[in-house]
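Next up: a single chain in structure tokens, the form predicted alone.
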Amino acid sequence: MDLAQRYTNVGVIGAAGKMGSGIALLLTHEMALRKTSPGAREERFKLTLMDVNDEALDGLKGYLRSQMRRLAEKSTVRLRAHYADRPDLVENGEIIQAYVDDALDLARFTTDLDQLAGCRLVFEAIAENIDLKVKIYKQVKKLAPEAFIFTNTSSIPIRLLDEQAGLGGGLVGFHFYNPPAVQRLLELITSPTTRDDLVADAQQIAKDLKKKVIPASDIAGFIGNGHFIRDGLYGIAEMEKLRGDYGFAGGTYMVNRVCQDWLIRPMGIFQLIDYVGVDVFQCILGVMNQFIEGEELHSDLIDELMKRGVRGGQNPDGSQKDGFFRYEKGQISAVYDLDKGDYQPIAAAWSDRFDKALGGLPDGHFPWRALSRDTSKTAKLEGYFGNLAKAEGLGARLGRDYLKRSKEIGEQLVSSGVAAKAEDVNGVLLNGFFHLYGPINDYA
């Protein structure tokens, strides 16, 4: 069966979730273009979007309708050529509406997994739970024995899932980054048992969805989370060192600020854990600790925060939930104090002590946002990190140590075979985490 045939019957499991909805949008757009192309008007296309919550599926319908309209409004020239054989469509508004209608007509919304019967491509975006995934895959194999399955797992070994579900190499890791409709990066994970035709189709699908593909070996956590989790554990360890002198809230504030300001990252490490979700961080830790030998990949602090209900993540409207920090209108407003069990507002009267202890930023510093679109950022980064190497003060020392540890983690991913080369590690951090530079560099 060729890929064009597989595209005619596609399913998404977990379609109404944060990741699943983005994957559903990408597939709706691609399949709508295929459905409305002149040579395929008579083909029957079906996209089955399955989730366990009817209310969430209603939200997915609205999301797809609004997003497909936005995509169409940005592509009127392309769509006018696409619908050139439709004399009934004259105005841009008519063409846009026709495209949105065509796109939504191919979608089927359901809470019944049985509706995936006969699917030829199945994308799975459910919780990081091995038993649940294996159970679902076994059901899919009975319903759609010819289907290739793409899992969005961010940490679980592909070979383990494939073997336990008896898929015979019919599973591949398609690790999208959040949000899938915006983030260009996709980690493609194959195991030694993955079928060659699936690998070829996966590479083409990634190209169709306009993704930048970086391959990762089938080792728990892969490249992105392999770095992020270890980076987070290091940040937690550094915070614990500062806790004695500055308290839990002060140490958290200081380490987070060092990551964001001294390392010129888009956000500090604890803010990033909040964005991903403290609960997700704990889950990935558990998976990696189970399958990676010789490392202690665990955090008592993360376990304690979960017991206290400090979970992070996003609300349905996309706003940030409270985690290490409390957020107001998308901005950090308070930091969780484990010692008091409550949030400490971040005001100048409170944070001045910690800012003074960190000291001033080295000469040549620019905020991440200022450099993110600067064509001369490489030269500016070289100058800044050269100054950081010579700078005095607690913030500078913490920054240098963090930079060194980040590089060690990157090099470990290469030496252990998770990544084929340093460029792949750097590519994931540049494209998936929006860092300005890769961890394997000459700055450390």
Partner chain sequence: MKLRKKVYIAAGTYTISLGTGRKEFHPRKPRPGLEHYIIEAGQGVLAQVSDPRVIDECVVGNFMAARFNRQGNLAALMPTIHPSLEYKPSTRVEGACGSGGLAVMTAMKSILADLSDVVLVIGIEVQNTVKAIYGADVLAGAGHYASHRKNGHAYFFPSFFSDRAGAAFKKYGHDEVRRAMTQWFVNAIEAGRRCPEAQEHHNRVEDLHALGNTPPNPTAFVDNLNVFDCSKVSDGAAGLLVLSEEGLAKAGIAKKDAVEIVGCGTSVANLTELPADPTTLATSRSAVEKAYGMAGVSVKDLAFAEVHDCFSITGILMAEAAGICAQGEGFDFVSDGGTRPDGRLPMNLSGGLIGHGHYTGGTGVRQTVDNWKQLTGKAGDFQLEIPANRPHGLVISMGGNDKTVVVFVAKQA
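This one's a predicted model, so the numbers in the text were calculated from it and none came from an experiment. Residue numbers count along the first chain shown, from 1.
Beyond what is shown, the protein has a form predicted together with its partner chain; the following relates to that form.
- Site annotation in the predicted bound form: the residue of Lys46, Arg405, Arg69, Lys377 reaching within 4.5 Å of its partner chain with a heavy atom is Arg69.
- When you look in the predicted bound form, the only residue of Arg80, Lys321, Lys212, His365 with a non-hydrogen atom within 4.5 Å of its partner chain is Arg80.
- Residues within 4.5 angstroms of its partner chain in the predicted bound form, judged by any non-hydrogen atom, belong to 80-88 and to none of the other stretches in 324-332, 238-246, 213-221, 80-88.
- Contact annotation: Gln260 falls outside 4.5 Å of its partner chain in the predicted bound form, judged by heavy atom distances.
- When its partner chain is considered in the predicted bound form, Glu73 lines it closely, a heavy atom lying within 4.5 Å.
- Residue contact with its partner chain in the predicted bound form: Leu185 places no heavy atom within 4.5 Å of it.
- Interface membership of Ala144, defined by any non-hydrogen atom within 4.5 Å of its partner chain in the predicted bound form, is ruled out.
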